[in-house]
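Below you will find one chain, with nothing else, as structure tokens; this is the form predicted on its own, and questions on how it binds or moves follow later.
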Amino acid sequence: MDRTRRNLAATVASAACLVAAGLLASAAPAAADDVIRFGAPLPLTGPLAPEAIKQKQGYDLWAEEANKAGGIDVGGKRYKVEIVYTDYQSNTPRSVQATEQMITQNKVNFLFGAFGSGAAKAASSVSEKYRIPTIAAAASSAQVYDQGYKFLFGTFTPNDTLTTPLTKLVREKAPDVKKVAILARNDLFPLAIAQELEKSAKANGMEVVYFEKYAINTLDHSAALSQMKALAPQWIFVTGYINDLLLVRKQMVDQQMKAPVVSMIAGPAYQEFIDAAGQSAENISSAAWWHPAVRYEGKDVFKSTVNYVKLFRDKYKATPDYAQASASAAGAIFQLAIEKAGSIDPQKVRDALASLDVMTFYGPVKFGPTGQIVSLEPPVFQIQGAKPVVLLPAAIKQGEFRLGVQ
């Protein structure tokens, strides 16, 4: 836990620096006729700060590359990219207020959605009211997109595109696994994906012997884990964000909880989770919307997955994960739509987004009738040797599924 505390302390310090940088960036003067302003409300402080930092890195890399290439081409005129950041402190009601402020006071042209399904859904009511095209780079739950909104788009496929292939893999590789236990953070995305896992487990002949929710900011999971352990589940599935999952995993180790299969979403996709959990991360399985192992040649500013990963590593000295890539993709998709529209008129850009069917470094991009992307095949992976190893899809498979956690 000492390492975990050091990591979290570093995260808080980094977040403070990023908030300062973001506020300075938003205050910088810009000529209105040669700049396109993108609003990005993020939880740069509070419990969701680790995820917010990743998104900011992704947005910043896109803005840097777009501007380096001369900006966005709008009908033959080049516009520079400016991103306005606001910290809503991991508080969903504040994300709504921040979104309204960006539109009415900061006069942004377009918006990136707030982080996570819950905040993205809440804040989307504001952007829809003002008819501002918005791309949510971290919202997968169907409840975000079933509101009938026309100006909201998302770069994550529905939750079942993660849980269904994961369940089929477990059934194929571990046919004796029949008893499943689920522990879910009581928040829109973590709860929704847990419910999808429950559905897919039952559909594949498994029995869900335990399904409980834990409150946001829970610090002691020992009672729930003790109840779960007594049922001797063969597959333990836990949802939440990185700090939640690190805490649950530590308390599982404290109680000497083991099972043939342990899955967590979404923390294991982050190197920070692997570093902090250490040996206890081994053989934890998960799924995400993107992985640096994919190989796409795109029409966007990054050109290819290989080039995107190189640019990210050069800038941040780390390998990007799905959170950073999705944020960069959101910017690149906006750029493609604006250039296709030949205009920064909100309605024209909205229509261009709705009709996009294009390959990018992130993968094929096409939005369904609700605005949610429908064209990706998310990878399933497992932590092996302190690295995420892709198990599905077959085209980018890197290893074989292993049973048992350390």
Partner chain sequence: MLAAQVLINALVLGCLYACIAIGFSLVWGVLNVINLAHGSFIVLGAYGAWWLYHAFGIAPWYALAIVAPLFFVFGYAIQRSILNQVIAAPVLVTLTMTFGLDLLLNNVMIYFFTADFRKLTLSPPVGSLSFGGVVVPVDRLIALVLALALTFALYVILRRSRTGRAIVAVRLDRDAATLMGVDVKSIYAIAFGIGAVMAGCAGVLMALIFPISPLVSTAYLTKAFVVCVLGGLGSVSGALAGGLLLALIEGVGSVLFGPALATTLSFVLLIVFLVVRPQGLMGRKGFE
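Positions refer to the first chain, counted from 1. Keep in mind that what you see is a predicted model, and the values were worked out from it rather than measured. Rigid core: the largest C-alpha set superposing within 1.5 Å between the two forms.
If you look for the form predicted together with its partner chain, you will not find it shown, but the lines that follow are about it.
- Query: Among 101 to 109, 214 to 222, 258 to 266, 115 to 123, which stretch has residues with heavy atoms no more than 4.5 Å from its partner chain in the predicted bound form?
  - Reply: Contact-bearing stretch, as computed: 214 to 222.
- Task: Note which of N243, S200, Q335, T305 lies within 4.5 Å of its partner chain in the predicted bound form, where distance is taken over heavy atoms; exactly one does.
- Result: Among N243, S200, Q335, T305, a heavy atom within 4.5 Å of its partner chain in the predicted bound form occurs only for N243.
- Within 4.5 Å of its partner chain in the predicted bound form, heavy atoms considered, which of K250, K179, K168, K299? Of K250, K179, K168, K299, the residue with a heavy atom within 4.5 Å of its partner chain in the predicted bound form is K250.
- Query: With the partner left out of view, is E172 within 4.5 angstroms of its partner chain in the predicted bound form by any non-hydrogen atom?
  - Reply: Residue-level check for E172: no, no contact with its partner chain.
- Query: Are any of the heavy atoms in D254 no more than 4.5 Å from a heavy atom of its partner chain in the predicted bound form?
  - Reply: Yes, D254 sits close enough to its partner chain in the predicted bound form that at least one of its heavy atoms falls within 4.5 Å.
- Is T319 close enough to its partner chain in the predicted bound form to count, meaning some heavy atom within 4.5 Å? Flag for T319 set to no.
- Message: Can you tell me if P43 lies within 4.5 angstroms of its partner chain in the predicted bound form, counting non-hydrogen atoms only?
- Response: No, P43 is distant from the partner.
- If we check its partner chain in the predicted bound form, which of the residues in 45 to 73 reach within 4.5 angstroms of it by a non-hydrogen atom? Counting only heavy atoms within 4.5 Å of its partner chain in the predicted bound form, the contacting residues of 45 to 73 are G46, P47, P50.
- Threshold 2 Å Cα movement between the shown form and the other one for A203, core superposed: A203: C-alpha displaced by less than 2 Å between the shown form and the other one.
- Message: When the rigid core is used for the superposition, does A142 move between the shown form and the other one (threshold: C-alpha shift of 2 Å or more)?
- Response: It does not reach a 2 Å shift.
- Task: Please say whether, between the shown form and the other one, the C-alpha of V81 moves by 2 Å or more once the core is aligned.
- Result: False for V81: its C-alpha shift is below 2 Å.
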